[in-house]
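Only one chain comes next, encoded as structure tokens, the form predicted alone.
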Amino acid sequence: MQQRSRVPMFWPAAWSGDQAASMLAASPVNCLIAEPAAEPQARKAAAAKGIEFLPLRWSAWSETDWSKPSPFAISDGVWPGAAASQNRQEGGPTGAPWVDANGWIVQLARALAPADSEIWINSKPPEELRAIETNQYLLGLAEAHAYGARRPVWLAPHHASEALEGKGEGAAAWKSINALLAWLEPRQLWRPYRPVSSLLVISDFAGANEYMAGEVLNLAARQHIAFTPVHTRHASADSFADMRAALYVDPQPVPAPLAAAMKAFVQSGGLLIAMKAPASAIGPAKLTGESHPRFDLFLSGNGRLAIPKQDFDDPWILARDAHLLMSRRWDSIRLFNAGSMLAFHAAAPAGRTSIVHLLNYTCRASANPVSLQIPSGVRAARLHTPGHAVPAAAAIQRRDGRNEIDIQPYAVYCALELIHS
């Protein structure tokens, strides 16, 4: 039997006294962590309930030692939600509004960490603690789950005090958190699922390359561009399987073993987007004669090269250009009228089922109709909704030559399970 994974929680400083451990009586939480001030109470509660107390060192993703045993505790996530700032891009029902999201960091962490590692993500809370609503706690937990990670349960101090007293918004939030955790646990079997994408993003994600490579992932996710990240050191011929394009972000020449795999990828029909030094690993190439404002386009074997006229400098534009150069026709899914929603498509290792995780960063059910375009080979779909133990059949509609599923309004999270032919 597979060992149950850790369900961590930051122990609230307000939860002291002999009765505090009873808060865990009906909770899936099975691992406590704590800030120094709350550590004595957390250790006491863990001992009383016979669960684990885990001293943990949190670090930024770029400072994490991936050679150590997991869990890898990443501290520089964000408090997830729809960002409302005059300096940020806004959008309507059909636009691409700005959201603060952590999926790209988790995807990167899973690429850098050994297989089957536990990835934990955390962030500073919002400045206005009194404005936190229950659905925001649920979004943080559901988002981490969707990408195969964990976010430790955390309660704002005033909610923690109310939960201990069994009253007010805090008590309701604690009840909702535990209900969501209990619903998510049987669905942990989705954690090994891997991203479904046609774009490979290659970098060492370190030093001078850290900012550009990390921001490409961050801003690709915000533009609904699916990607699979891989570290230069880990990239091999297998990394290019089923890919249509590869974006080599770093300006340095390609290591010899990777250069051979990259050349074979292009020769067999793939697209490589890279600066001059790494692109030289492909060998001679012929200009296509096509015009592009930022790239010179070449033919090599059955594939193509896209070499920028100037070094990469804008990660938002680079992510968008990579997507368009590859062509959107290779997108596995598309979300229409997405608003402040993000979708993440991941497939089982055998490929017979996949999951589209849908996250709503406004934490309010959309008033606009939302539909999801799905792959043509899907023969059935089931909608998993928190609070419902049994998934419901989802009707597949044929519209304009595409298979689509209408998404019923949801406030935080739901998941579509796709059964492939």
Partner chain sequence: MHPAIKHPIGRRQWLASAAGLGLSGRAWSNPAAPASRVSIARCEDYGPAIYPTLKTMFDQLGGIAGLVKGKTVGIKVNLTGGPRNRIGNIPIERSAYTHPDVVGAAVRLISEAGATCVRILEGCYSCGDPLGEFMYDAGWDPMALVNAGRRVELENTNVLGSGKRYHRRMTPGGGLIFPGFDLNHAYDESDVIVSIAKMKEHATCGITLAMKNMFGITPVTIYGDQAGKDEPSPDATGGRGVVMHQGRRGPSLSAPQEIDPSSSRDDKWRVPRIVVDLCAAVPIHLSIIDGIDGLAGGEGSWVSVSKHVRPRLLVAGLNPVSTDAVSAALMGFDPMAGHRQIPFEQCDSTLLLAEQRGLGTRDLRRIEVAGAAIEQAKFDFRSASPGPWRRVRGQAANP
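Numbering follows the first chain given and starts at 1. Source: prediction; values computed, not measured.
Keep in mind the form predicted in complex with its partner chain is missing from the figure; the text below concerns it.
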Exercise. Please state whether all three residues 291, 324 and 371 have a non-hydrogen atom within 4.5 angstroms of its partner chain in the predicted complex.
Key: yes
Only one of 396-404, 20-28, 409-417, 7-15 has residues with a heavy atom within 4.5 Å of its partner chain in the predicted complex, and that stretch is 396-404
Practice task
Examine residue 335 and determine whether its closest non-hydrogen atom to its partner chain in the predicted complex is within 4.5 angstroms.
Solution key: yes
- Query: Hey, in the predicted complex, is residue 215 touching its partner chain, heavy atoms inside 4.5 Å?
  - Reply: no
(request) Flag residue 331 as yes or no: does it have a non-hydrogen atom within 4.5 angstroms of any non-hydrogen atom of its partner chain in the predicted complex? (result) yes
- Query: How about residue 175: is it within 4.5 Å of its partner chain in the predicted complex, going by heavy atoms?
  - Reply: no
Picking from 194, 167, 320, 233, the single residue whose non-hydrogen atoms come within 4.5 angstroms of its partner chain in the predicted complex is 320
